[in-house]
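We've got the same protein chain twice here, in two forms, each standing alone as structure tokens: structure 1 and structure 2.
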Structure 1
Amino acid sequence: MAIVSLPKINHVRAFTVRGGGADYHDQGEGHWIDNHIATPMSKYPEYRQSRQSFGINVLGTLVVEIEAEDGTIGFAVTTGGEPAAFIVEKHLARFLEGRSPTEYEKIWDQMYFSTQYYGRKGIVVNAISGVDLALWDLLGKLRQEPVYHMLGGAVRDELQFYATGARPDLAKEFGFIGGKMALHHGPAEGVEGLHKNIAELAEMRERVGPDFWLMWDCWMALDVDYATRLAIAAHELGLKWIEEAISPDDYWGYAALKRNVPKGMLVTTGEHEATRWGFRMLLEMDCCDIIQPDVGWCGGVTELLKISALADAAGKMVVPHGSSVYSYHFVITRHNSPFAEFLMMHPGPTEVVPMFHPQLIGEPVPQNGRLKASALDAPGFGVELNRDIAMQRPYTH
């Protein structure tokens, strides 16, 4: 029996889009995601009220399209905007065009090591991630298979989610298993700010009752001392975990924090970490209990498989940072990813809306905090690109 060879890759294209979607911080005024959230810039009063004030939304969304010889198009969205589009068009495209889409291991290796002299993390790995996800989407469409089938198939019938947003009390009503809140006050706001944080947690605990998970996303804003005091003060209120409390480069600080927090409280991080080498540091230095790679930022599915295997061997959970369908297809196939994150992108957030709207068409949304594996059964990642949004292609090759 002859092996069916897939059509080769003909074209790689990179576009940019503004306003929501994969760059989910690119929101209008009055959105909960930009309201006095503690950040590394909170030490400067002029940048404390809004994350957009210091430029969290400057990049916008990167859209990568990969077209095969037969006209089939795989695509993906991530952050990175125009700088990432330049990297895709001018550097990465050469490693795909004329190749079989089945060669994702070789393609990833060449993209990573060819850019290593100016890359390794950040925007370059975001660009690589976007290309890798588009490649998996293309492969699924050519094979007429959902990505999760190609990753080994579902290990459970449905995904269950916790919700990230300003209203864990509503998340509980919507059927989510927990609610993660942004921390509002950082070390620069002193003991008064710490008391305000604890008061907010206490109020939310009262609203949701004793058994609903409550977590804090600290967005790299704290130091070890402040994070330790916060964790100890929050323990009696049943804080499940403290997330990304300090700078992602401070592995030593994370190791200290994990030793310091009360027994039973989890330390989580990894949203802004990248590649198997970055996560190896987190795991070998015992920095956390759960790693949270973003599949659109850590190196794509190809790299996330390696990261997850490292974590599995270390007995750690992998709960990816909310990245819509790109993480759903992964989480449903891994035993050490028992639940997933859902970002509440409604401004309130008082409704459950698609996370990457308006960029994706057909994006599945949890019902009662859950999503059936069968909701992921369309080829590739199971979504289409909304062609009505204003896309620019700033560079060609």
Structure 2
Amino acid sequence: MAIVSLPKINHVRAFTVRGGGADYHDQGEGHWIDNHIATPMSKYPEYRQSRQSFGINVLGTLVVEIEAEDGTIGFAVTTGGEPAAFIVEKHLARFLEGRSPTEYEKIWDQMYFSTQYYGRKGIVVNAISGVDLALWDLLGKLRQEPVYHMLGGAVRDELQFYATGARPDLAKEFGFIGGKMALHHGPAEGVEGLHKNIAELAEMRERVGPDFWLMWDCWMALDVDYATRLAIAAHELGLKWIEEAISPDDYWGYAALKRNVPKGMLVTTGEHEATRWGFRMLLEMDCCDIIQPDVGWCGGVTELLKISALADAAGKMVVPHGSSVYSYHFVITRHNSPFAEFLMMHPGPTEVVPMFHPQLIGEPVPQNGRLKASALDAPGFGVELNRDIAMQRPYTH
């Protein structure tokens, strides 16, 4: 029997999109995800109310398209906007065009090490991630297989989700296994702010009862002392984990916080770490109980496989940052990813709506806080690009 040889890659294209999308994208006025969330910029009063005021949405969306010789197109959506589009078109495309889509290991290696002198984390790895995700989508479409089949298949029948948003009480009604809230007050608001945080948690605990998971996402806003005091005060309210409390570069601080928090409370890091080397540092310095790479930012699926294996060997969980189908196809195949995050992108949030709206068509959303593996049974990541949205191609090559 002849070996199947897939058509070669013909074109790589990078587009930018404004408006909608998931986190770090343009959100309308009054959206919970931009309402006085504590950040490293909260020490500046003028930037305290809105993350868009200091530019969280400045990059915008990156759409990467990879077209094979037979016209099949794989694509992916991530964050990066024009700078990432420039890197894809002017630098990364050369490592894909004319190559087989099955060479995703060598392609990843060449993308990473050819940009290492100016990349390694952040927007360059976002761009690499977007290309890698589009490559896996193309592979799936050419092979007529969902990505999760190519990653080893489902290890459980369904995904279960916790919800990130301002209404864990509604998340409980919607069937989610827990609710993660954004922390609203950071150290610059002093002990008064800390008491407000605790009061908000106490009020939500009252609404959801004693056993529903409640977590805080602190979006890099705190220092070790404040995070320790907050964790101790929140322990009696059953805070399940304190997330990304300090700077992603402060591995030493995370290790200290993990030693400081009350027994039974988990410490997690966040979506702003990248590559196997960054996550190895978190694991080897015993910084956390759960790592949370964003598959659209950490290096893509090819890199997340390596990151996850490191965590598995260290006995740590991997719960990728909310990135819709791009993480669902991964989580369903990993024993050390027992649940997934669903980012509530409805402004309230009072409804369960697709995360990457309007960019993706066919994006599955959890029903009763769960998604059957069969909901992912479509080629690639199982979604199509909404070609009615205004996309620009700022650069060509």
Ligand SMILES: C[C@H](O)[C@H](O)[C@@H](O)[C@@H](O)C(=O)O
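These numbers were taken from a predicted model, which means no experiment stands behind them. Shifts are known only where both forms have a C-alpha. Only the largest set of C-alpha atoms that superpose within 1.5 Å between the two forms is called the rigid core. For numbering, take structure 1's sequence and count from 1.
Annotation: structure 1 represents the form predicted alone, while structure 2 represents the other form. After superposition on the rigid core, displacement of the C-alpha of H25 between structure 1 and structure 2 amounts to 2 Å or more. Against the superposed rigid core, the only consecutive-residue run (3 or more long) showing CA movement of at least 2 Å between structure 1 and structure 2 spans 22-25.
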